[in-house]
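Read the single chain below, which is given as structure tokens and is the form predicted alone.
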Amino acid sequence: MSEVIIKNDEVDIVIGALQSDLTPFLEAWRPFISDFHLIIVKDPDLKEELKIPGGFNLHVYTKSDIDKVVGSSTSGISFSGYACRYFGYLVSRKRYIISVDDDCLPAKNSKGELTDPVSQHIINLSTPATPFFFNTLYDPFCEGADFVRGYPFSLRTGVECGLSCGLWLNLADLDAPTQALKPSLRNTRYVDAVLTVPTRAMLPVSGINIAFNTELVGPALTPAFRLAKEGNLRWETVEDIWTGMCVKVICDHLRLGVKSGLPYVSRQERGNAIESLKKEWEGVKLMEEVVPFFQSLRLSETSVTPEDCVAEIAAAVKERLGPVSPTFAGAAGTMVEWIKLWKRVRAQ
């Protein structure tokens, strides 16, 4: 498989705005995103007007825009809080989406040099993934690497990469219990590596810093899983963890790759872990049911598109997890609504 060159007009940068003043954020990112189209989705619960500096090619979506597009027929889908980013995924018409939270800045590598997260995500998506046999030099398509001795030549062409999962310096994406127990813990290790997550291996995908190919997996990123006491802060949600497991199962089924590692972003602290723990604890408990479910899930040969796969997963969730908790039954219903909405918006 030859390397694919991604053009700037094939990429949307999606930003969920949970704070009103985006000036410091956008100015820090200007060197890396000014040549791309930006989709900024304002959290419907944010009352203040957004402050956005000039010089960007962007489109801002507000609550009225969301209501106009979504309508009243999809009452189960919520775009509040971090889930507002999913509206950006929905309305984008580009092949590739790079999504980053508004509390993140471009990170510096181990030499103190500022890195370009956008270019690295594009590299991850445009080069093959190798999910069926692990290469001990990590990504063999990175500069200075190759396949190691013993790697089957029949698998060296790899497969297309559907999802690129970037990482975080400073405040790592820890859960509320861990952060509450270790309030001073910070990630300072910059590991210059990318790897393909092996097939059938689950991983906790964080929506903080991701990129994906919308044609391959776009509709699989769905804002379906919401906790009863869910808040708007990162520690109070697990929707992206659920979404990531859906995407990974679908990538395994459709023979696509998921990469993790570079690029890093530097995360700023937001919220109180101890207070958030009260809201997230339900999710911590439910994950003990979720992981075995996805680990054992196998999709049928009749599911040949990501839309088909989401529908089949939703049916399995309703049947196998629905009796465990109403949260699962709600997620299954929302996944079905999301696919209908995705198809309707894309058909316009």
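All residue numbers are counted from 1 along the displayed sequence. None of the values given here were measured: they were computed from a predicted structure.
The same protein also exists as the form predicted in complex with a further copy of the same chain; that form is not shown, yet it is the one meant from here on.
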Contact test, all of D35, I52 and F79, partner a further copy of the same chain in the predicted complex, heavy atom 4.5 Å: no
Which listed residue (D103, E275, D173, D116) meets the criterion of a heavy atom within 4.5 Å of a further copy of the same chain in the predicted complex? D173
Just to be sure I understand the contacts: of A193, V91, A180, V159, which is the one whose heavy atoms reach within 4.5 angstroms of a further copy of the same chain in the predicted complex? A193
Within 4.5 Å of a further copy of the same chain in the predicted complex, counting heavy atoms only, one of 249-257, 92-100, 195-203, 213-221 shows up; tell me which. 195-203
I'd like to check something about Y86: if you look in the predicted complex, is any of its heavy atoms closer than or equal to 4.5 Å to a heavy atom of a further copy of the same chain? no
Though only this chain appears here, would L321 touch a further copy of the same chain in the predicted complex if you measure heavy atom gaps against 4.5 Å? no
My question is simply whether G71 lines the interface with a further copy of the same chain in the predicted complex - judged by any non-hydrogen atom within 4.5 Å. no
Partner proximity in the predicted complex: T237 to a further copy of the same chain, non-hydrogen atom cutoff 4.5 Å: yes
Taking a further copy of the same chain in the predicted complex and a 4.5 Å non-hydrogen atom cutoff, the residues of 286-315 making contact are M287, E288, V291, Q295
